[in-house]
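Take a look at this one chain, the form predicted alone, written out in structure tokens.
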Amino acid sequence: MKEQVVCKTSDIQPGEMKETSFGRQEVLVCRTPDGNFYAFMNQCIHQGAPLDKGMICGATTDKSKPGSYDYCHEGEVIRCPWHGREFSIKNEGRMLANPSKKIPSFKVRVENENVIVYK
């Protein structure tokens, strides 16, 4: 399968994600606060957790202290539900703690309110 409509733009609000299918693969479609769409394999590279059961959040900065957290990249990070690993949506799904590792991603385009995933 080369491309497939996976949802409508109205199905995912900015800062949200949705599990869907691309052929026989489970895919996680994310929409960042700026309205852009991204798609990744819906499986953590650590132990295979379904990422759609996690959350989209931000990353803490070095200004953070115990009990007082400062965040950046709000709505641009996927957090795994099992072990809390975090991946940058806008940086090819790269792990924040180890950018050499990343979630497999798919290309995305929008046409007439359709979100299309393709290879």
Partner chain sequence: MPKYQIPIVDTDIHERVQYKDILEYLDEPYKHYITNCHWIQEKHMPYTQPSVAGVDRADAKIPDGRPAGSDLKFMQKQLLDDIGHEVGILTSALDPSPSSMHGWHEMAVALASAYNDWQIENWLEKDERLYGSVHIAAQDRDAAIKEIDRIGPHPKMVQVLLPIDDIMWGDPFYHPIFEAAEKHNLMIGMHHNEPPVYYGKWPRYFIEWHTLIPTAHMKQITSMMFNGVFDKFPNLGLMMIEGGFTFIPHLMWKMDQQYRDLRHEVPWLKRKPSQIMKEQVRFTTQPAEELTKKEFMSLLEQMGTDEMLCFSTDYPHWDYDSPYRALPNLDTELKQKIFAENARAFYPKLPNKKEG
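Everything quoted here is computed from the prediction, not taken from an experiment. The term rigid core refers to the most C-alpha atoms you can superpose between the two forms while keeping them within 1.5 Å. Positions refer to the first chain, counted from 1.
Not pictured, yet referred to below: the form predicted together with its partner chain.
Looking at residue 72, you'd find every heavy atom of it more than 4.5 angstroms from its partner chain in the predicted bound form. For the chain shown alone, residue 89 is not a contact residue for its partner chain in the predicted bound form, no non-hydrogen atom being within 4.5 angstroms. Under a 4.5 angstroms non-hydrogen atom cutoff, its partner chain in the predicted bound form has residue 50 among its neighbouring residues. With a 4.5 Å cutoff on heavy atoms, residue 94 does not count as touching its partner chain in the predicted bound form; it lies far away.
Contacts of stretch 36-69 with its partner chain in the predicted bound form, defined by any heavy atom lying within 4.5 Å, are made by 43, 44, 45, 46, 47, 48, 50, 53, 54, 55, 67, 69, listed in sequence order.
Core-superposed comparison between this form and the one not shown: the C-alpha position of residue 47 differs by less than 2 Å. Core-superposed comparison between this form and the one not shown: CA of residue 66 displaced by 2 Å or more.
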